[in-house]
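Below sits a lone chain in structure tokens, taken as the form predicted on its own.
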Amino acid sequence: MQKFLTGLFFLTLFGLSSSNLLAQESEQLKQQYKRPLEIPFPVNAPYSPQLATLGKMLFFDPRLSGNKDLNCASCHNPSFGYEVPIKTPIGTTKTPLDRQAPTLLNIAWVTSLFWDGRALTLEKQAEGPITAKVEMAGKFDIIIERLEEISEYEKWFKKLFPQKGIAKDTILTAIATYERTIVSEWAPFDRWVEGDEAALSPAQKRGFEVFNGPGKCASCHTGWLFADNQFHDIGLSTTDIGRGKIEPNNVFAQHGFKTPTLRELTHRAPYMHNGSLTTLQDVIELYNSGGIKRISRSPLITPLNLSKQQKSDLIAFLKSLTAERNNVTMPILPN
């Protein structure tokens, strides 16, 4: 009691009410989610609109695949949050892949790529699906020959890479540069963070409190990206050991997968690395239950015992992370 009275005396002495203090704390919390205004590009691959445009053409060009029937957008479709609306993508062998395609949204801020983090650069990441036999099944010697036959590609590669022209590393640099420009648009939540109180509904504001409080979501989904760039076993039913293949001696890496961004969630169902959860309600119920209790499950994952109202408010908040529009124009490919 003495400590509480002392706190009230302190607030009165400095002209602060408890409601004002709570408002200040809420504002400080909101600022942790404020969007950056610049995209980080590596020093050895600085941004230029011409390079990004070239990369965009390559991203949508099926001539990078072995059978000329798939492109990067086949698995990373802009209409579905740069994922696909099925459990897992279909590769060149016409069979489902083992994992869902991770979104490319805000990928410039992601420090390790793929669900298991096995690639440390976007250039290396881009190489994987292009050459994987079960995905695009492309071969760079053949890809280079094809692109060299197209005068428009030949012209721009010589202009942007005068020393190398069309080569494996210049192709990957161009694609990675475009991918770094894939940034989620401003959502209602962003406008609220910037001071527009009307941008969120009362339920969404309550959901923000659940997200940062009893829902424990912010333990992993941090900052404006809503991702900590770490790997966690969340108790999902799966035989895939994920990060465990890279860190076999780390018990917590077993069944661990990269924390995905929560941006544009309403476009990105189904969810999880294996597309096993169909709706946001399914996702919330998994976390609310605590998932499968096993030795590798993250200490951050425990049963939440959220009420029906809290779960509803939390889902309402998550929907506020989707922008009202996300128009992507398709490039005209050279012939």
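The structure displayed is predicted, hence computed values, not measured ones. All residue numbers are counted from 1 along the displayed sequence.
Although it is not shown, the form predicted in complex with heme C is what the next lines describe.
query: Is there a non-hydrogen atom of residue 173 within 4.5 angstroms of a non-hydrogen atom of heme C in the predicted bound form?
result: Result no; residue 173 lies far from heme C in the predicted bound form.
query: Would residue 298 sit within 4.5 Å of heme C in the predicted bound form, counting heavy atoms only?
result: Yes, residue 298 sits close enough to heme C in the predicted bound form that at least one of its heavy atoms falls within 4.5 Å.
message: So in the predicted bound form, is heme C close enough to residue 216 to count as touching (4.5 Å, heavy atoms)?
response: Contact check for residue 216: yes, within 4.5 Å of heme C in the predicted bound form.
query: Closest heavy atom of residue 204 to heme C in the predicted bound form, within 4.5 Å or not?
result: So residue 204 does not count as contacting heme C.
- prompt: Has each of 86, 267 and 310 got a heavy atom lying within 4.5 angstroms of heme C in the predicted bound form?
  reply: No.
- request: Counting only non-hydrogen atoms, choose the one of 150-158, 135-143, 186-194, 244-252 that falls within 4.5 Å of heme C in the predicted bound form.
  value: Checking each option against the 4.5 Å cut-off leaves 135-143.
query: Among 130, 200, 108, 166, which has at least one heavy atom within 4.5 Å of heme C in the predicted bound form?
result: If I apply the 4.5 Å criterion carefully, the residue I get is 130.
- request: Determine the residues of 32-63 with a heavy atom within 4.5 Å of heme C in the predicted bound form and present them in sequence order; the list may be empty.
  value: Sequence-ordered list has one entry, 59.
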